[in-house]
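Read the single chain below, which is given as structure tokens and is the form predicted alone.
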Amino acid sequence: MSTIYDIAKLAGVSPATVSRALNQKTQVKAETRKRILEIAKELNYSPNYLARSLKNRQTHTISLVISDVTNPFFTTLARGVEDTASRQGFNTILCNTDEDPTKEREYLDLLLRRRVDGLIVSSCGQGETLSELLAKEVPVILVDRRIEDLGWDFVVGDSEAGAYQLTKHLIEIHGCRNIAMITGPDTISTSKERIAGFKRALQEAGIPIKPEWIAVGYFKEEFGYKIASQFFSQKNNLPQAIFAGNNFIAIGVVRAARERGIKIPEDLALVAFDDLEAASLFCPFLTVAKQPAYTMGSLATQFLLERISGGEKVREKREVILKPEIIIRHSCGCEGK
């Protein structure tokens, strides 16, 4: 890899002159600058941004750490982060943890070594790894999933309210009483809040909560398929409806139902958290609690950039909880949109 010292030797000038020329400083003669730029191009020179960042103490790079980049929710959230960061002259590094705490820790260690200016994190853990960042004094914004005791800003969706509204709709509009729930790990806030909203709707309706009908595990299609298949194997105790903790789980439920000839919504009502962009190709159309993913990513990035540029001026912890949009479609039994 070529350096400014190689350029300086070939141009017959000092390294300082090369640096000034490459950085468009006015004190370099036009003829000298032209010769330096030509040599730099011939040597395929690229600036050492890490060295520059050490001097300036800023890399103009942030990172977004999410659990599943294939999920349309996180894809849209990431676009909100990247668009907002780019407008402010920041680059974004995207890291996908696959809901693996070990992988999350490795990414965070790597990002700190790369000296990113700040982090936006949707953590797959309970905060043990993230709590180590407190000593690093690196600005962190939590997105989608919150961890209360860390004291960081967060931007999340109202999972409890969305789950409550969807479950209440099943009960009051469709008369469902035997409702099962399949969701992600109950160690993260989104799952815990969705379970809480689900239970609250049942309790208000006087419906007994059946622990065996609340399955926690992974926000994955295969988990939805596996648990739904187990529910469907109980021929004399089929649920009237299933609440899917996210869109991928819902796909797994639909796949399991189709394999067994169970029709949605005629035989089984289905609701889910988070929408699918390909919903128009999906039959039946899903009734969902749609979160403003792009806004979530954009706001989190604005908060992070404010912390990076003048963190001492932003003293208060900022907590934003965004309401989901309940979209009624065919999968619950309604005419839908």
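Everything numeric here is computed off the predicted structure, so don't read it as measured data. Quick note: we count residues from 1 along the sequence shown, nothing fancier.
FYI, the form predicted in complex with a small molecule isn't displayed, but the following is about it.
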item	value
Candidate site K168, F243 and K290: all three near the small molecule in the predicted bound form by heavy atom within 4.5 Å	no
Proximity to the small molecule in the predicted bound form, single hit among F232, F223, F74, W152 (heavy atom within 4.5 Å)	F74
Exercise: K192 in contact with the small molecule in the predicted bound form, heavy atom 4.5 Å	no
The small molecule contact at E104 in the predicted bound form, heavy atom, 4.5 Å	no
Close approach of F198 to the small molecule in the predicted bound form, 4.5 Å, heavy atom	no
Proximity to the small molecule in the predicted bound form (heavy atom, within 4.5 Å), stretch among 258-266, 232-240, 90-98, 138-146	138-146
